[in-house]
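This document starts with one chain, in the form predicted on its own, laid out as structure tokens.
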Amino acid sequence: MKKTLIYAHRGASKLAPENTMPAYQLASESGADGIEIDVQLTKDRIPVLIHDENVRRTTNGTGFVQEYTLDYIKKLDAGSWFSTKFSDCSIVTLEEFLCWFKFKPMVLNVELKTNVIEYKEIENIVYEALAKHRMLNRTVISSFNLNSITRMHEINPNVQTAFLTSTKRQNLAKFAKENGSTSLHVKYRLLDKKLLKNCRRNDMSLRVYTINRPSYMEKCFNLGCDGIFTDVPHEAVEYRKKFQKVSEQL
């Protein structure tokens, strides 16, 4: 049976503040196969790792990422909202992350957060950063915005891309492939054997988010999905070991 890869969703985000270095470090230590990160652009067009377009939820600041320079963004406390012991955490730049990550034996998923704000040139900026650190061959670039997928495909048709969706539609795998995607990333409720079969028919990988419950993990492992995104990679890794052991005994 195909091994389902485990991606730490925003790092080990149940154990440390999401998209911060402690969350990424814990993800690495957990034995996860990969890490998923979210990219927005600052006012001075520096890619930074934060899920929301607005800094309010995960920092002590307010306002949109695109309104502030990197210098301002870096001064924000990005950890105290989670726990006071993470009060020294700051927002991470893509450059800082890649300098750390490129030495890890892991794969990467970069989500371009362009479904609310279409940051100008974000695809080129992120592509150049990945190329600089020789990370293109182990990175999937995903987005809910098909325009971003198309633009990335035009930059380099050999780059792995993934269309993110929570919406059911006919011939979803074929639709994603026709728009430049090599993979499909879907919300768990969309997962079934038919979708997986259609992905295989279209030579596309299928990964599922956000999988935190053991019963959901088991379904993904049973079906042979290519990957899952989870907030609890430490638990997912242990559960996969148990699942594989049971499967080998059958």
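None of these values were measured; they are calculated from a predicted model. Note that residue numbering follows the sequence shown and begins at 1.
Below: the form predicted together with a small molecule, not depicted.
Taking the partner from elsewhere, no residue among F97, F101 and M135 has a non-hydrogen atom within 4.5 angstroms of the small molecule in the predicted complex. Among residues of the shown chain, Y24 is not one whose heavy atoms approach the small molecule to within 4.5 Å in the predicted complex. Contact annotation for H51: at least one heavy atom lies within 4.5 Å of the small molecule in the predicted complex.
Residue contact check for Y209: one or more of its heavy atoms lie within 4.5 Å of the small molecule in the predicted complex. Proximity of K113 to the small molecule in the predicted complex: non-hydrogen atoms within 4.5 Å are present.
A heavy atom within 4.5 Å of the small molecule in the predicted complex is found for one listed residue only; from V126, L164, C89, V159, this is L164. Contact with the small molecule, judged by heavy atoms within 4.5 Å in the predicted complex, is confined among 80-88, 103-111, 173-181, 118-126 to 103-111.
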